[in-house]
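Just the one chain here, the form predicted alone, laid out as structure tokens.
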Amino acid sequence: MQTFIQLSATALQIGAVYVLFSLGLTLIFGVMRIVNFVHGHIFSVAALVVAYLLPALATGGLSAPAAYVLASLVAITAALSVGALLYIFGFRYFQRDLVGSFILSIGLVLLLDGVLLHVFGGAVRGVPEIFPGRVSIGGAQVTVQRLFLCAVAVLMAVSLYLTLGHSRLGKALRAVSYDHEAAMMVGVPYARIAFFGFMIASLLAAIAGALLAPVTIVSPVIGTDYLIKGFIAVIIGGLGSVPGAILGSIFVASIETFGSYYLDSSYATLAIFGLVIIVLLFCPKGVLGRG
């Protein structure tokens, strides 16, 4: 039983990052009807800036938590700047154009791969632990660092859910995701709402990158693996669905964690892709998707 609790806790920790990642993907698709393969690079920029800046700030005399907060703020700002540039000079011209945005995404992926490699180098970097210690929850040992990660992920997911459900911006985002032409006819500024949706998604990716940097090895390609898992989560949960993105993320993380423990990581990966095939065959819009 203790093993099950420990594995469940690990799955929730991994799922927390997937949730932040997949929420951004599903928000962009819901509002703009595009598939953004560059989402992983926004995540990578935030993680890389934290990995490079934090040690320098800590060496300069700041405490680890203070250095982490400052590095995270700079990292999120840098990632949001990249996101804004991608939208202004690229994606805003291909809204609701799946083929055009797909080709643009692939080109931008190749471009940013080269830029990140040139700026940050190809070496992997580790970030020192910011919040040391462990806590016991139901018999499961969880590091304080990962508990912090989960808490922020839950806070961001709840904030996004409340924003979409109860704010004017959220109602406008939902309106354009259902029928953007009808929304424009009643006065919703679609171009501005699309930009806000893209930037909120970029913010989620940036926060995920800053949170993950202290608990993993950071490299310029760190976003690629999370991008694939994020897409799998939204395909299972349903493209454009916030609850679906959360459900899919927890599901993928659970298969990955339990499969790796009881079988092998390769079998867990095969099981995830097998699940995607089954979902696409019998439920092409995803478990909670609405098309």
Partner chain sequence: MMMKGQSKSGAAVLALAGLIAGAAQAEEVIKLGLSVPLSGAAAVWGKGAEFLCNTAAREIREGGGVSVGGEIYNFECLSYDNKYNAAEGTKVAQALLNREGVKFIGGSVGTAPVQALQALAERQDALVFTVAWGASIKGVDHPMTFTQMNTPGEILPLLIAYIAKQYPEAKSVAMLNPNDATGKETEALAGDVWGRNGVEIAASDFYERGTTEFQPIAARLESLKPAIIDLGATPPADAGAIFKELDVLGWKGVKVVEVGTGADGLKATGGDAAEGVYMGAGVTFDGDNATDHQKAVNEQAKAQLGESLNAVQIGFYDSVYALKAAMEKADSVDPKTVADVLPQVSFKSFYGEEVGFYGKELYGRNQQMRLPIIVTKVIGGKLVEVARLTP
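Positions refer to the first chain, counted from 1. Please read these numbers as outputs of a predicted model, since none were measured by experiment.
Just so it is clear, the following notes concern the form predicted together with its partner chain, a form of the same protein that is not shown.
Just to be sure I understand the contacts: of Leu203, Ile193, Val82, Val127, which is the one whose heavy atoms reach within 4.5 angstroms of its partner chain in the predicted complex?
Looking at Leu203, Ile193, Val82, Val127 one by one, just Val127 meets the 4.5 Å heavy-atom criterion.
Name the residue from Val188, Leu117, Val109, Ala78 that puts a heavy atom within 4.5 Å of its partner chain in the predicted complex.
It is Leu117.
Heavy atoms within 4.5 Å of its partner chain in the predicted complex: which stretch among 252-260, 236-244, 58-66, 27-35?
Stretch with heavy atoms near the partner: 252-260.
Hey, in the predicted complex, does Tyr18 get a heavy atom within 4.5 angstroms of its partner chain?
Contact with its partner chain, yes.
Taking its partner chain as it sits in the predicted complex, is Ile5 in contact with it (heavy atom to heavy atom, 4.5 Å or less)?
Ile5 lies outside the contact set for its partner chain.
Contact between Arg146 and its partner chain in the predicted complex at 4.5 Å, heavy atoms?
Heavy-atom contact with its partner chain at 4.5 Å: present for Arg146.
With heavy atoms only and a cut-off of 4.5 Å, decide whether Leu98 touches its partner chain in the predicted complex.
Heavy-atom contact with its partner chain at 4.5 Å: absent for Leu98.
Taking Ala123, Ser266 and Thr269 together, does each of them reach its partner chain in the predicted complex with some heavy atom inside 4.5 Å?
Per the other structure, all of Ala123, Ser266 and Thr269 touch its partner chain.
Heavy atom within 4.5 Å of its partner chain in the predicted complex - qualifying residues of 58-83:
Nothing in this stretch is in contact.
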